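First, one chain by itself in structure tokens, the form predicted on its own.
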């Protein structure tokens, strides 16, 4: 079977996801209209730019993590990675290390975390849920240990630009967000490597027998996930001006929820980067809109859970009908 050829099943899947993505866009538009009518300042330039800047750091992680999920694995350690990276960045800045070197060292830290996760899953054979839940605790614990549980100032011109800088009056985090989503979209939809990820998610054994290096592909997805989470940690440290061991706490659930909302299956082999983009936007708009309406945080959590369950349940029903 030629790698460049799409099977009828794959074409059918693409139509299915296009339909779901259009539905999600409609949901997003309805939410935008609703919140614009109920809150005068919701559609203000300041609020929209702030919302996009704030979602950029976890949106970047969501884009890359989508590839991990499509391959049939998962990475719960991203939140701990974000917290540890923000603390390490702050410590390095406090020690007088050059800002560019801080960024490089933190991205290398993210790469090391991704390599370690990939090693546990692909070489040792530990289930990715168990492996990354375990390493999540390790990274979070190290963040608290290195910081003694305290926040550390993380202000330097280079790091400040990463989260607060602008290019042509567009916040730099938003630019990074767009670029990384575009790259992930091209990789997953127009490259051999992207097709390998889908094939592995559908059937790892068949992919192995067809000549795909399954372990290598999965290992690389964990590597990129680690780097993306570290970048997210750097942006978050820049946006807040401090490194905090609490940074990214619970964020893995929000990110995974956005990915699932976009139509990616936990079992692998199914999902789209474009769907993840809309999922991230929906969760961000929902949180921002309800917050501006002074809705209590725990009601916001309930609303996010209801939306996620309703949309994913609809996906599953439609998917079953598609297969009949």
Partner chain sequence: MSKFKIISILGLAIIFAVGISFTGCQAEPEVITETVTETVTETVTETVTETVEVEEEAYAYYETLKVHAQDTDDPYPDNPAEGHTIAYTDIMGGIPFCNNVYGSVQKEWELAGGADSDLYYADNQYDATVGLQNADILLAKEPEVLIWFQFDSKVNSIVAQKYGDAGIPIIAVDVPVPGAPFMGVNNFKVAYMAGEEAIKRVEEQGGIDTIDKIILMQMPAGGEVVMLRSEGFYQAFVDEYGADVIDPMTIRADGGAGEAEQANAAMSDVLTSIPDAENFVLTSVNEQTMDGCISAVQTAGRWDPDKWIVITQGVDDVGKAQLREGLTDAGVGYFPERYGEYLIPAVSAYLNGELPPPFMYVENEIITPENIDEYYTE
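Computed from a predicted structure; not experimentally measured. Residue numbers count along the first chain shown, from 1.
The form predicted together with the partner chain exists for this protein as well; it is not shown, and the discussion that follows is about that form.
- This chain is displayed alone, yet in the model of the complex one of 179, 170, 129, 153 has a heavy atom within 4.5 Å of the partner chain; that residue is 153.
- Site annotation in the model of the complex: the residue of 231, 88, 162, 74 reaching within 4.5 Å of the partner chain with a heavy atom is 88.
- In the model of the complex, residue 100 stays away from the partner chain, with no heavy atom inside 4.5 Å.
- Put simply, residue 287 is close to the partner chain in the model of the complex: some heavy atom of it is within 4.5 Å.
- By the criterion of a heavy atom within 4.5 Å, residue 136 is excluded from the residues contacting the partner chain in the model of the complex.
- The closest non-hydrogen atom of residue 236 lies within 4.5 Å of the partner chain in the model of the complex.
- Partner proximity in the model of the complex, defined as non-hydrogen atoms within 4.5 angstroms of the partner chain, places exactly one of 273 to 281, 295 to 303, 256 to 264, 25 to 33 at the interface: 295 to 303.
- Contact annotation for 45 to 63: residues with any non-hydrogen atom within 4.5 angstroms of the partner chain in the model of the complex are 46, 47, 50, 54, 57, listed in sequence order.
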